[in-house]
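Consider the single chain below, provided in structure tokens and representing the form predicted alone.
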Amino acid sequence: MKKIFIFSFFVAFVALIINLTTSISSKSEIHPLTHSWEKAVPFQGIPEGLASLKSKDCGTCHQEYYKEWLTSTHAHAWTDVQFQAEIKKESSPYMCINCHIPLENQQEYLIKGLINGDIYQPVKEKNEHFDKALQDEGINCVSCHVRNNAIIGVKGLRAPHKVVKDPEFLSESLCIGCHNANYKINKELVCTFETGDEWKVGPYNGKKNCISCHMQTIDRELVKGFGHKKSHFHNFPGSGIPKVKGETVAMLLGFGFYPSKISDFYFKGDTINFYFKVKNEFAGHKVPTGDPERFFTFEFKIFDSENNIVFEKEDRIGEEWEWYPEAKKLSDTNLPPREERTFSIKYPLLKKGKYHLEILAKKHRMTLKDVQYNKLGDNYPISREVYKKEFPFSVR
């Protein structure tokens, strides 16, 4: 009798759970994807005349382009260990990958909608066209140059594959599609890449754009053996901080550095008044820009004749954020185009001898604390020197 009671209770409990689940499911709605950043670029077939969509195969003919792209940030957009650490977090929604692997061909699952509009409940469907090798290439040739089974170019030159001339598509608007993603997903998660907005309100809008600086025009062979033509550099130089230790990456430096003069000698009791001006005179957007974790440091040190540090000071340019319990910007000292900032040091000279002042400016991808938090290891490149100079002087 006891067994029958227990079994009956179990059946009733299971029925209750099924009814509750059905009730919840009946209230669920599948919301369509409406924002551009929620969607991947639709599936692209292989254009006639090509063997595949892989950049490696494009490089068979376009050798210089391929070499340039290989060490670019774009090539590491998916394999970057920092990004991989970020998307493994429970707080990371699915759509972060749409800038890092923008093609449906590169994504293991296709997102068909959101349950009740919740970004953490995407409706997934296995992608029968998923290409792992293509995924590992991140932002590759196809990301920008293939649509509707054709190669898109700016000149429409004759080629052994189908080419469609569309310079408007390959304009700065394509760059801004990813480099101006500025959304507050929820109170703890924001995507704040405002480079496009910074350029639009800056002094170079209509005069220069992303391509002018980050894809400068050079004269070289598009295809080996077919003569030189004007084309664009495909390394997309920016911060110059590599994603892989040991790689050499091209760099663009938006800042100009202007130290004040320093005397060869001073008298005991004098005070050094030194100024160091930093000006954003080359970039059409703020510096730094993009990822809010980026920043610059400026170290000022005075060494005595025995190389002991007798004075040191550090200044910083960049944003500071609080990420929890709510994401909010605490400060922003990024430099807009053509603006400048001056750092100063004052040091009383109380002892005779020989000295030198050292200035060191560095770009940073993130802080050491963030590296440790994301468990990126000691070999992940996070900074690069951009300016270093010494000024010797003596005190009599």
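Keep in mind that this is a model prediction, so the values were computed, not measured. Numbers follow the displayed sequence, beginning with 1.
Although not depicted, the form predicted in complex with ligand HEC is the subject of the following passage.
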>> Can you tell me whether residue 370 touches ligand HEC? I mean in the model of the complex, with a 4.5 angstroms heavy atom cut-off.
In response: no
> Heavy atom to heavy atom, is residue 60 within 4.5 Å of ligand HEC in the model of the complex?
Replying inline: yes
> With the cut-off set at 4.5 Å between non-hydrogen atoms, does residue 232 touch ligand HEC in the model of the complex?
Replying inline: yes
> Would residue 126 show up as a contact with ligand HEC in the model of the complex if we use heavy atoms at 4.5 Å?
Replying inline: no
> Just one of 83, 274, 266, 311 has a heavy atom within 4.5 Å of ligand HEC in the model of the complex. Which one?
Replying inline: 83
>> Which residue, 244, 110, 170, 115, is the contact with ligand HEC in the model of the complex, using a 4.5 Å heavy atom cutoff?
In response: 170
> Is ligand HEC close enough to 74, 160 and 294 in the model of the complex that each of the three has a heavy atom within 4.5 Å of it?
Replying inline: yes
> If contact means any heavy atom within 4.5 Å, which of 202-210, 266-274, 301-309, 127-135 contacts ligand HEC in the model of the complex?
Replying inline: 202-210
> Which residues within 97-115 place at least one heavy atom within 4.5 Å of ligand HEC in the model of the complex?
Replying inline: 99, 100, 102
